[in-house]
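The form predicted on its own is given below as one chain in structure tokens.
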């Protein structure tokens, strides 16, 4: 087992997301550097609210098992801590327990024995209500103030833990081998390992910020990365020999997912990067120094919750007629109006019709600066309604009307669209929406995150 020395701690991150896979040869190159810990994140809100709303996981069980077996093998051989954060994507208690079962299954098949710590992140709704009434819950960004009805409507609410619960999990019982956490601030596990070893919190958080995405900070972007944290700086290097970190790529990734170029708020304080220095140490490695951390006057955690919001169906179609394409807005307006009239007995505010026009502005919407459409369009028309049957029925009406809609200059005598899939109307199941996205002030950074230790045998 590698023991951190006074002047350096090495942390290996094989991928920016557990379940996405990573090259084994690059991972082994990282293990050859004798890291003191392996950290990997599993969470994100990028893939939408359905994980929280419906209890789904970001990746398949098979994908998680494949990655976990490699990581547990490495932990078993190197005898270093393995920290996995935001289990399943949403970091709910349900998925912490699901990861525990997968880990236990692998250990049982391989005959391994180790100590596991589970950190839970579901927050009791009564506690949130009390804190809201006490004025300790506030919006995070451009969202409305939290409403008691939204707390009730949320399937589950989780909070993003900081570094302290990981430090506590590693310190409560000697010899913890694997930590699986609920929802966590992405850099937390890496920062926790480093801070617990006595390194500067500012550098620990900054290195964690860059490493939580794996080798996304490299050119070209990759999977596996290793960080070398020292007393007054850290260094980052990708593990694929064909990739390199540059001052530009590392500085650019420091700006990733931030609303301010220099300040990055998280649980327990704000990382100040305004005086950072980036130096090219080798062709593939960058040194970073000058990070500062302001703990502030209060400790806040981010709350995340989602509720179900009806049912959704879509149809997908292609359009090639340039006359049709030039008039797509007016044709859609007419078809949508006809569908609403046809379903006049259904209150208009109980369902939504959302066209997505790829080839014109399907990605950026009204922000798209290029106004000339392509020579062909992909139309995805989405309907969200109170039931699956109603969503599919409205979707069908829209599709058939758009298929045969007349328009000035039309030459075709049959359909306007080509449908690549059957069923022509595709039911997507329940729709979800984020409805809790707020900050809550807490008195303790660990009290909301219970920890359970067990021996996996």
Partner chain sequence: MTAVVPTPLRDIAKVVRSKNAGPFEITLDIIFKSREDYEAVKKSGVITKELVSELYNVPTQAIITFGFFDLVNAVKITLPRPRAQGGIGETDMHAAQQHVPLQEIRIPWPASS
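Here, rigid core means the biggest group of C-alpha atoms that superpose within 1.5 Å across both forms. The shown structure was predicted, so the numbers you read here are calculated from the model rather than taken from an experiment. Numbering follows the first chain given and starts at 1.
Another form, the form predicted together with its partner chain, is not on view; read the next lines as being about it.
Is residue 49 a contact residue for its partner chain in the predicted bound form, using a 4.5 Å heavy atom cut-off? Although its partner chain is absent here, residue 49 would touch it in the predicted bound form, with heavy atoms inside 4.5 Å.
In the predicted bound form, does residue 45 come within 4.5 Å of its partner chain, counting heavy atoms only? Although its partner chain is absent here, residue 45 would touch it in the predicted bound form, with heavy atoms inside 4.5 Å.
Is residue 259 near its partner chain? Define near as a heavy atom within 4.5 Å, in the predicted bound form. Contact check for residue 259: yes, within 4.5 Å of its partner chain in the predicted bound form.
Examine residue 219 and determine whether its closest non-hydrogen atom to its partner chain in the predicted bound form is within 4.5 angstroms. Output for residue 219 is yes: heavy atoms within 4.5 Å of its partner chain.
Picking from 191-199, 169-177, 266-274, 108-116, which part of the chain touches its partner chain in the predicted bound form when contact means heavy atoms within 4.5 Å? Looking at the partner contacts, the answer comes out as 266-274.
Considering 374, 104, 143, 346, which brings a non-hydrogen atom within 4.5 Å of its partner chain in the predicted bound form? It is 143 that has a heavy atom within 4.5 Å of the partner.
So its partner chain isn't shown here. In the predicted bound form, which residue out of 341, 363, 242, 134 has a non-hydrogen atom within 4.5 Å of it? Residue within 4.5 Å of the partner: 363.
So which residues in 354-381, when you check its partner chain in the predicted bound form, have a heavy atom no farther than 4.5 Å from it? Heavy-atom contacts to its partner chain in the predicted bound form: 354, 356, 358, 362, 363, 364, 367, 369.
Would the C-alpha of residue 173 be classed as shifted by 2 Å or more between the shown form and the other one after rigid-core alignment? No; that C-alpha moves by less than 2 Å between the shown form and the other one.
With the core lined up, does the C-alpha of residue 362 move 2 Å or more between the shown form and the other one? Yes: residue 362 shifts by at least 2 Å between the shown form and the other one.
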